[in-house]
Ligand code: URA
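In structure tokens, one chain follows: the form predicted on its own.
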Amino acid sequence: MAEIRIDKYLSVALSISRNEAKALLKGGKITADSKVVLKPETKVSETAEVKCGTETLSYKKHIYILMNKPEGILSASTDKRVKTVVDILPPHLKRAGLFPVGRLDKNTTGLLIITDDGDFGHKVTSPKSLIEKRYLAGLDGEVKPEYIELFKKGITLADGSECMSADLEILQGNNAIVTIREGKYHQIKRMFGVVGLGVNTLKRLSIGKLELPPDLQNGQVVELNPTQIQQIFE
């Protein structure tokens, strides 16, 4: 069973700094399996019963958060000029090392995963994984039926780069659902640009079989469980 320093355990479990964790330890407020722990370097099992006073704590090596990203928020961990998706997380979910898995443009909304698991993030965003990502696009003109075959064959962008096969479903009112299996820079906007259409709105609906909950409002988040995480790769 893996062991971890108690100051790191407290930092993660309570969303506090290591110095704050050391202060709690020095004050004799922390117990592990009913024994008072004073030294920050003391190691405990990830499954140990750790308490801060009478509160029982739980340790999660990594956290996986689904956000309905609102418009105007930057998909980044930190930025000195504008708010980021990490900035707007509720305090109880914040911890060191959080980052968005794949970026959504500042004005793109919808499903975004935030985590501190680098291996997971790489697996989701790697083109080799071929994970489908569905978007609802609002266009500034008619989406013609012949575009379906163009997208399926793979659009060649203006700079000469080639896109993988994508699925296009035409909806009413100059709207369409686009499914891609990669993540080039501004890919969907550039794909529609090839056929002379501008993208007015863009919302990500799903990653793999993990869908954006219909009742999750802009800016709201839910913590993902193992079953939901696995849906991404199904």
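Just so it is clear, the structure is predicted and the values come from calculations on it, not from any experiment. Residues carry their position along the shown sequence, with the first being 1.
The protein also exists as the form predicted in complex with uracil (URA); that form is not presented, and the subsequent description refers to it.
From the candidate stretches 183-191, 58-66, 45-53, 23-31, select the single one in contact with uracil (URA) in the predicted bound form, where contact means a heavy atom within 4.5 Å. Careful reading of the contacts points to 183-191.
For this chain shown on its own, do Asp105, Thr108 and Leu202 all sit within 4.5 Å of uracil (URA) in the predicted bound form, going by heavy atoms? Checking in the predicted bound form: Asp105, Thr108 and Leu202 are all within 4.5 Å of uracil (URA).
Partner proximity in the predicted bound form: Tyr135 to uracil (URA), non-hydrogen atom cutoff 4.5 Å: Contact with uracil (URA), yes.
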